[in-house]
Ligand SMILES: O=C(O)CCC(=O)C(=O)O
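Okay, here we've got a single chain as structure tokens, the form predicted on its own, with questions on binding and movement later.
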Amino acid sequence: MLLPPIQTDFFKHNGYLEVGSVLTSTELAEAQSAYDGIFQAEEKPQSYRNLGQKEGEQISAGAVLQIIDMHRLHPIFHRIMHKPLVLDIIESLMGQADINLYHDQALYKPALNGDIVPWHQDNGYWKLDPPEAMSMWIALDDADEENGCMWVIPGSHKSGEAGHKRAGQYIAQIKADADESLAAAVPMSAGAAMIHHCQTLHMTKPNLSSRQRRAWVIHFIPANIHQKGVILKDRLVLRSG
């Protein structure tokens, strides 16, 4: 079932949308178990890295642990990204039924030392043209202001490229200027999701609480999108109109 106009209009105006639960209790439990197994395995996937790592640190003081393409590592993630409810939401907001996967990623902030992810636009990393990608951020734990929920600048997707620079000494992060007086927190329950446009400024604060914060993000692109002048033809097709 496609979203009603009140929700699609909110997304067009604000550049993000909370959509409530997208996972059943069974899917949530399976995703949590698979997520933990992948992160706790002695042999980590090749894409595993700590986005909290800074230059010159042998052991990082903070952690934002990332694994790319979880759908290749456990079938639950592959099933969820093909779920009709998920794709109906994206089709409603994207305005077309030809939906491909850019990639997906796990972003794990452990208790007590989960690090910041600074203000940025996703397309500051990706450089997709036209900039019409969108991300579904799924909470696998209750996410609030204490343990690292999402923050957004509503409407910032309308202002184009924000102009990014390297985020201090972080090896793998960039940042953009943002008027934090306009920021809105997006707390969510486990199993719930929010979608944001690839040019919406967003960030997550440190997790210094005693609770972990597991998140999984699916990045969707319309068919025939370009990167560095080349059409991305090698991406997984999730829905074709």
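These figures come from a predicted structure and were not determined experimentally. Residue positions are given as counts along the sequence shown, with the first one as 1.
From this point on, the text means the form predicted together with the ligand, which you will not see here.
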- Could you spot which one of 167, 86, 133, 150 gets a heavy atom to within 4.5 Å of the ligand in the model of the complex? 150
- Message: Please tell me which of 122, 104, 91, 141 lies within 4.5 Å of the ligand in the model of the complex, judged by heavy atoms.
- Response: 122
- Query: in the model of the complex, does residue 22 have a heavy atom within 4.5 Å of the ligand?
  - Reply: no
- Message: Is it the case that residue 117, even though its partner is missing from this view, gets within 4.5 Å of the ligand in the model of the complex, heavy atoms only?
- Response: yes
- Distance check, residue 204 to the ligand in the model of the complex, heavy atom within 4.5 Å: yes
- Query: Using 4.5 Å between non-hydrogen atoms, is residue 175 touching the ligand in the model of the complex?
  - Reply: no
- Item | Heavy atom contact within 4.5 Å of the ligand in the model of the complex, the stretch among 157 to 165, 92 to 100, 76 to 84, 106 to 114 | 106 to 114
- Query: Can you tell me which residues in 127 to 142 come within 4.5 angstroms of the ligand in the model of the complex, by heavy atoms?
  - Reply: 137
